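Considered here are two forms of the same protein chain, supplied as structure tokens in two stand-alone entries, structure 1 and structure 2.
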Structure 1
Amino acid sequence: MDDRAPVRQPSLSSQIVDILVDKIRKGKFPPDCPLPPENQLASEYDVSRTTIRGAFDRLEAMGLITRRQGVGTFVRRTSNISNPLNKFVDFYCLIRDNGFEPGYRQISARLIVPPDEIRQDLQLEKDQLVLEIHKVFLADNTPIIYCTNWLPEWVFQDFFSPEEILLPGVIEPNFTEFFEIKCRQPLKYFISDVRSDVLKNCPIPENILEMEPLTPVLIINEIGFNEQDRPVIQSIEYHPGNRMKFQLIRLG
């Protein structure tokens, strides 16, 4: 089997997005600053205005810019904070991007027959196994996320032996890369639901987090899908004590 992944040129629109994100993050376009007009950017990068507008659409959805008809396109004042709930990001990167020293500990990993609910969510047949992983992420050596993943065996069995897959460091710390590159199953989207609870009601081993049993916890339960809309992972994330800010742009 040829192991080379096909190298594909990102779309012009994506390249424009990357360029502009970079310029905004580096302060070349500070908050409240008007971006150059669409037509100017189009000729500057030698693409059509449609392509620029496509890039702007995505920057707007990311919350980086806002557009005013007849006036211009502006960098949003709040653009630098943001831990966007509407986008999926590796926790490891997330923690680092928020200015903390990221850490990762795998609590356990095993191949199991899944509980019925997980089996249904992952659309599996009765005899299919899943990998269950419990793990913790740290920020400056303090645990801030407890997380359980379930991965169907079919996702990884062509690329990893049952022993290999159990090792820490195989899936994390680059979760999305594990799926995209190592398993050839890029994650297309997650369907998540968000709820609230207290720590003592969460199935987390007591000695892991060392927090008050009544600490409030934000819980995100999500199913991730591949390009063919087949579920490839279920994940429950416990965020105790509101140490992270979850931000979100809601449109009318």
Structure 2
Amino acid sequence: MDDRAPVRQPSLSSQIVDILVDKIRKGKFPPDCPLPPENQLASEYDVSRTTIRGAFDRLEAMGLITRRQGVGTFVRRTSNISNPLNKFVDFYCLIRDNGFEPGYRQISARLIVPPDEIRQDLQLEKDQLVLEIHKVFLADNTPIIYCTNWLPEWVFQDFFSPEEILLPGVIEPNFTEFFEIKCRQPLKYFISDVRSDVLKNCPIPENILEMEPLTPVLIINEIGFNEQDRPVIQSIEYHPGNRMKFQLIRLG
């Protein structure tokens, strides 16, 4: 059985986000530069103002722009930092920004009673289920990031059936859109625990990442919270080797 995600056309809002992010990161819209008005961008890209407004909402959530009431929308000074770890890291953008063509494959998905540690981290009762997903992200068709997600059932149960939520392509590649739009649970912030190890000590299937057992691995264990400060996802990410570049913003 081929469990690769089907090819899905990204939403118009996602396409506009990709275009504007690319222009910001390439300096076409430098820090403190005002972005064109919504109606101008809507006309330029032949979309509705609602689509542009949705794209602006996502850019603001990503920390790339700021809105000044009555003045306009401006690029933030930190926007030239490609992947700050104080924000959600979009793997597709991360891989693309490091010079590769991004891809995705879902390894497995199931609804389970979570282990006690996951249950406690997600603040769940003993009888509550979680969606457990194992997946891999690709760079030029080569597996480069292995990731496991745990999502509480209450997050998606009003929007997806138990059968639908297991299908590849439901959550990725539009991860943020899945929470914000499909489940109405915008991600407010993440709390991350970062450590390093070597590949042979990581619970990654041997046929997923074809690298030497002593390859260094960056491990990020993080919990994402909604606007009510309730945990809505826990992830463990494994980043082997040195092909991906991260940058960290620390505020004094």
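Start at 1 and count along the sequence of structure 1; that gives the residue numbers used here. Small disclaimer: the values here were computed from a predicted structure and weren't measured. In this text, the rigid core denotes the largest set of C-alpha atoms whose superposition between the two forms falls within 1.5 Å.
Comparing the two isolated chains, structure 2 is the one taken from the form predicted on its own; structure 1 is not. With the core superposed, V232 shows a C-alpha displacement below 2 Å between the two structures. After superposing the rigid core, the Cα of R68 is displaced by 2 Å or more between the two structures. In this overlay on the rigid core, S196 has a C-alpha that sits less than 2 Å away from its partner position between the two structures. Overlaying the rigid core between the two structures leaves the Cα of R25 displaced by 3.9 angstrom.
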